[in-house]
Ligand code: ADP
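Heads up, the chain below is alone and in the form predicted alone; it's given as structure tokens.
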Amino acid sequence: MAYSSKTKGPFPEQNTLESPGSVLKHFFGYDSFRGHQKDIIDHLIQGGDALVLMPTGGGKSMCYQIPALLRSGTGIVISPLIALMQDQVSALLQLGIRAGFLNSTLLPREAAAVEQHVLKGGLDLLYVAPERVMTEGFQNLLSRIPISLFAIDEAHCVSQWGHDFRPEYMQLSQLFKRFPGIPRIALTATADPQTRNEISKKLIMEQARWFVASFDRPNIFYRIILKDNIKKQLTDFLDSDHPGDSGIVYCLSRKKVDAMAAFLQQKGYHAMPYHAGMNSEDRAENQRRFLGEESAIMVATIAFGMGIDKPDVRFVVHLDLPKTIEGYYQETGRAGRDGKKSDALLIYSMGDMVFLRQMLGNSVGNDAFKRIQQQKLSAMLGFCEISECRRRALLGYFGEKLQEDCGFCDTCLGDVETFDGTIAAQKALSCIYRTGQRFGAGYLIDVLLGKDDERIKKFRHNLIKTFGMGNEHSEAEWRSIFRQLVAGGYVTVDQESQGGFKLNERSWPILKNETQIFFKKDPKPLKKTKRKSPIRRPKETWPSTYDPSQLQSGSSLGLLQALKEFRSKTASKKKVPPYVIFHESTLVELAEKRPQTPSALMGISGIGQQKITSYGDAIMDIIRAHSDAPGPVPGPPPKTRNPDKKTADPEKKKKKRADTWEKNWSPSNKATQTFVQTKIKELGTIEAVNHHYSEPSLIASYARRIAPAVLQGLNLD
């Protein structure tokens, strides 16, 4: 349902939640704000307009959700995707926040019910698509209610220079003219300076205050490699770096998505496709499975991903060159939203770039638009070809300076070599000129290597000066040289000649020996290494998250598994993704701290009052059930050298171990008795218990040690 008539209002009767901090704790379960959140919220509460640039996973939604709760009226959130608004509303309802949506998935009677709920003041947040916002019927609805604020999510969609232009966003300025004086907030995770100016202008927000957070995602490891055997490259990456992990694999075409998803399924991976050519039911089902199931891999075009809030996406792979750095940044930003280490792998070739340029040349749009998009594509290729720190280059594109290398990308770890490529560049450019400036890299390389080819003979290019002059480099090295010439702007790709290379104003200084040029050597494929945290970042500046590796005892791991099972069953019953119930970091903290009371639950990050009301009793029951078993037994004494080890008496050693266990675990201990008696009931006999704990099991970390000694002296009558 789009709303819940049973959901209580956002404030208790005492109306004690009068500050952003109290709302944050009460509903969201967090003790403090991150980055610019508090400043943005205060600015909106006071009635100001705001333009917010914040990276994916940075907590943008709270910046308008909390002001909507503290200001009178309903907050109107303009969101571009149906799936995005449905997921966000589901999450808000779980927090006890009165939220709803209006979109094409609702039946007429359901939409009418939501509208009546809004008119009665029953919603604090209403999510709508930009197309519906501009209808006369919806604007009439708005004119009949108090509005707390307007939030424009994914605001880069308003810019035709951006990477995800949506024409319907252009009309939003008319809405704001009709409803002046209501505070507005426009939010995006990706916008270069030109796109930012376009957002400000098109939304008539020139006077808005800018809030620009760092674009850095320090937990993401960036790696770019050249295409070789793409299927093997992908499976090697999954098997070595991410066995059993969930992630996204992006492909350029629908056909490639279907083929790659089928290939991964055949190899035993839990993979599924997603693209605009599928029917809406299949897309929705695959998205539901991806959000709700572990180890799920979504193979998709860029139609998938906007608004995806799955926190444990451990990798994002691009199997083709992205069109823009903005798109690449946004798509890779879907990895590691929980703050844990994640991978962004891009596998590309020069053919990708040629294909994208041809697509752009044949696309609808004026010359100015195409020129901007060509520049963005060139910037993307240049990013792939750089030899310096990728994070510095990525942040630099968005106007953010990083003073030192990150130590957490392939170029930082790969020690990329460079060489003076002036002579090689002169040969390449001369070959382009002498062959008529109409051939691509493959043909030009054949000429430079002096290959015996009928096509070359047909055009009489076996007679030109550059024929056979490039044998000092291999075919792969020449491909790298041509890629870097294109990426550096020294060569233009002519769309009218099917991707042929042409010289430009930057070519001639090299040909005339007036400038020197350096090329990077293609790095060898990186072997799997233990990637350390960024060398420039002290650990305390990382996002605060709990990790299962922190849980030392078998009992805590068992409790964590029980909590996960509860979350999974609850999510399935409520038809929401598991992370909407609890994030994994919250479960790990529960397993570590084992709170026993509602007030103690309130101290767990991510648990607010509504979740205590909904799930508190069940969570505490699970914790108590796992607290009845005895805790971890102290381990055996430290090993010492025994010169007579080979001849030591086995029976003597066995008795010594039994004495140690019995000393630590007295048969009179009530918890021990309860534990052992429970296991006998489960397994049938003492012998079965002994046998069971002679092999590894879920709680074998201590039970194997105590069972024999305790059972010998325990009176079971």
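Values in this document were obtained by computation on a predicted structure and should not be read as measured data. One rule holds for the numbers: they count along the sequence shown, beginning at 1.
Form predicted in complex with this ligand: not shown, discussed below.
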- Task: Check whether Arg390 has any heavy atom within 4.5 Å of a heavy atom of this ligand in the predicted bound form, and answer yes or no.
- Result: no
- Heavy atom to heavy atom, is Met62 within 4.5 Å of this ligand in the predicted bound form? yes
- Item | Contact flag, Ser32 vs this ligand in the predicted bound form, heavy atom cut 4.5 Å | yes
- Message: Can you work out whether Arg483 and this ligand are in contact in the predicted bound form, taking contact to mean some heavy atom pair no more than 4.5 Å apart?
- Response: no
- Task: Check each of Lys611, His583, Arg196, Arg223 and return the one that places a heavy atom within 4.5 angstroms of this ligand in the predicted bound form.
- Result: His583
- Item | Listed residue that, although this ligand is not shown, lies within 4.5 Å of it in the predicted bound form (heavy atoms), from Arg357, Arg337, Lys427, Arg567 | Arg337
- Counting only heavy atoms, which residues in 37-57 are within 4.5 Å of this ligand in the predicted bound form? Gln37, Pro55, Thr56, Gly57
